[in-house]
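Quick heads-up: it's one chain on its own, the form predicted alone, in structure tokens.
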């Protein structure tokens, strides 16, 4: 059949409702702004892991939907989250990505969060404890008790990850994603975890395109390593299971690492209760991923920076109880697959960068296909259909025509 002309190229594919989407949802600036307001400001986001704040007064900063956030461990060992914004003049309080408040900042005191602009100080519970020339400037019209930081919902759960929401009325974290975590929860919570790897990438693509690479395994044809070590009957029998709120997890199978030249079996090391060389994946709406692959856990956290730009933070985890030899093994196993120069990660990033280059803001809208059905098994695109149906509900937009209000796939068809 000859290549298609423009009208044929623009025509809807011969698929059912929910089996394709309009590329405008990846490129339209107005849609992106709505996503920040209607999704990212209303859900739970895993900011980091408790092992990144091992001691009292340790902190880490992040951003959710353009809002600067700081999480800090108090002297009572409780982790709390606040907007990283001084209520005086809207100055960002802490500019470092991480560190400790135990030592004094140049313009402040020890064990205090200090705004360098005018020297206002806050304790680890977010209370304002010092206003420079308070009485002289405000007399009795404003006092420290009126000017605490904006506290945020914060929980530590699912293996010690620190979750934050900008929405005071957000549902409980357990209700939000507990069911999707059941497949890996016991291994993650059997012993304390510890981070051993961190890097980040800023990619010219939409955040949903990165999440797509974690939601579907059909692109394993791109990964030579995965084809060699995994394309067998057990691999193709893996199930994709959809959960409420747009989450998906993928069942396990045994990876044959020794089938790849230069690799050996990784059965020597696993997570508590996890059989050797297993591989589970949990994808959380709107774009977070937990990937437990035998001896190491990988977590991806996305921070959208624009319709065509996303920051992805990659973390690798082992057990806090690891011996030095075990830790070296976990690091090698993790980084040889998912490090910046690992066997798989760079290929995924090249894939989504290519999509981003073809779907820049202002580009012509086109049809993106999610119509593969293989009995909810590994190459079925059920996870993507489930994700975009949930996206449509949150946005009240029809994924196949975002100018129209959301309706179920059957009605859209």
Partner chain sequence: MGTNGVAVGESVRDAVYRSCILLDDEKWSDWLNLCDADFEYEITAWSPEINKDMIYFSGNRDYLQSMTDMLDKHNTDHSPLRRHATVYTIDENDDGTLTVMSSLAIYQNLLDGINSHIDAGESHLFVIGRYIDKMKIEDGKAIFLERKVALDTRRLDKGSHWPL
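In this text, all values refer to a predicted model and were calculated from it rather than measured experimentally. Positions refer to the first chain, counted from 1.
The same protein also has a form predicted in complex with the partner chain, omitted here; what follows describes it.
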4.5 Å heavy atom contact with the partner chain in the model of the complex for all of 32, 229 and 308: no
Mind telling me which stretch in 333-341, 117-125, 295-303, 155-163 gets its heavy atoms within 4.5 Å of the partner chain in the model of the complex? 333-341
Quick one: of 140, 145, 136, 261, which gets a non-hydrogen atom within 4.5 angstroms of the partner chain in the model of the complex? 261
Of 224, 236, 218, 130, which residue is found within 4.5 angstroms of the partner chain in the model of the complex when only non-hydrogen atoms are counted? 224
Wondering, does residue 386 line up within 4.5 Å of the partner chain in the model of the complex on heavy atoms? no
Using 4.5 Å between non-hydrogen atoms, is residue 357 touching the partner chain in the model of the complex? yes
Does at least one non-hydrogen atom of residue 98 fall within 4.5 angstroms of the partner chain in the model of the complex? yes
Indicate whether residue 200 is a 4.5 Å heavy atom neighbour of the partner chain in the model of the complex. yes
Is any part of 346-385 within 4.5 angstroms of the partner chain in the model of the complex by a non-hydrogen atom, and which residues would that be? 346, 347, 349, 350, 353, 357
